[in-house]
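Single chain ahead, written as structure tokens, the form predicted on its own.
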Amino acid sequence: MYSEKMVGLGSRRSTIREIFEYGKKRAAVVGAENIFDFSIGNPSVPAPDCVNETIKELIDTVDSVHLHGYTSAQGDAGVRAALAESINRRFGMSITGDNLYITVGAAASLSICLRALAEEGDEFITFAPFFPEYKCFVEANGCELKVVPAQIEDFQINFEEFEKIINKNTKAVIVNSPNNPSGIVYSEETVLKLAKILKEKSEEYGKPIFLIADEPYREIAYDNAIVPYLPKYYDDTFVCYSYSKSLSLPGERIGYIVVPDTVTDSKAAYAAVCGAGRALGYVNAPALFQRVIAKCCEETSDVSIYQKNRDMLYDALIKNGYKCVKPQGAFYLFPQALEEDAYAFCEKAKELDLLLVPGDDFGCKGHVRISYCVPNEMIQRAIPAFEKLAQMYK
């Protein structure tokens, strides 16, 4: 009677959400102050002042009918023009508002891009560790997600394995930098090598292999790390962006897709994006927040707070014998578990009310994700629990 695939997806939350829900139930028993929940990537830093100031200004100065009414399906023309101007200034691009499609957040951006590109028999490739929902999004379009095993010493791309997997059925490659869950930023060297391989394979197969840049963490980078803007390195690149992290607006669901003119048959590509948005029902992203991001697109939340959290927790983990590649961005640590079975390790952590996410769903067994976008005082209180957890394995 119903789609078995959809019933299955709806009947079981993601591992991240299961742990998050467990934490809420456990907090009701022992008190929220006794739960160290590092499960979910929900920004803890407030949105910058310009967000609320802009909302108030819009409410006071724009008539309600216009403020809350429909925009063009692909987004308000003035908003798209403002965002294009910002992108050009920051990244040396030369796009216009007609290269942008405003979306209901990063998940919508990815879903629209995949629907715009997917044809029967297509395969998409991503690199472990990766955001687990990629698999759901790709398979929803009747395609297969191929995962390149992780290069765990630095979490840059494992090119030897990548070249074994890429083939004539590859439609696109999905990259996420800064990365969820590792926090790693792909170096310029990595990006140049990836672009070279994609160009060579596109020529070999006589068709473009597209690159989808998933960039919700672009502004959250530390230690002067440079996050390469991928359309500058590879012509056939779609950029998927969200303001959930940079402006701390995850619940408002607002972002965009960039379809540069350098993409093969760019007018058809943009039409496909518009068509996919229509087919999925993702037209006309929230009108109020379209106008908010137009005014606040070059602001960010206070990223220094996340860096302070990273440094405090990373130093404590290393001191207690954990192995972890130091992240350059996002707000996650991805250390190795202290036993091979990350699920068992996370269950042991639960005994200390320490909620961590096993790395298996991210395509990287034997690791755990720690989301440190939490109040700093919680990290201070949690460090003894990480110490006790380490002692259990000595």
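All residue numbers refer to positions in the sequence shown, first residue = 1. All of these numbers come straight from a predicted model, not from anything done at the bench.
Only in words, not in the display: the form predicted in complex with a small molecule, which the text now covers.
- Using a 4.5 Å cutoff between non-hydrogen atoms, V138 does not count as a contact of the small molecule in the model of the complex.
- Within this chain, G105 lines the site of the small molecule in the model of the complex, having a heavy atom no more than 4.5 Å away.
- The small molecule in the model of the complex comes within 4.5 Å of no heavy atom belonging to I87.
- The small molecule in the model of the complex is approached by R253, whose closest heavy atom lies within 4.5 angstroms of it.
- Candidate site formed by L110, Y134 and S242: every one of these residues places a non-hydrogen atom within 4.5 angstroms of the small molecule in the model of the complex.
- The contact with the small molecule in the model of the complex, taken as any heavy atom within 4.5 Å, belongs to Y217 out of Y217, F124, F155, F289.
- Put simply, of N180, S301, Q74, N309 only one has a heavy atom within 4.5 Å of the small molecule in the model of the complex, and it is N180.
- Checking 259 to 267, 242 to 250, 320 to 328, 191 to 199 against the small molecule in the model of the complex, the stretch whose residues place heavy atoms within 4.5 Å of it is 242 to 250.
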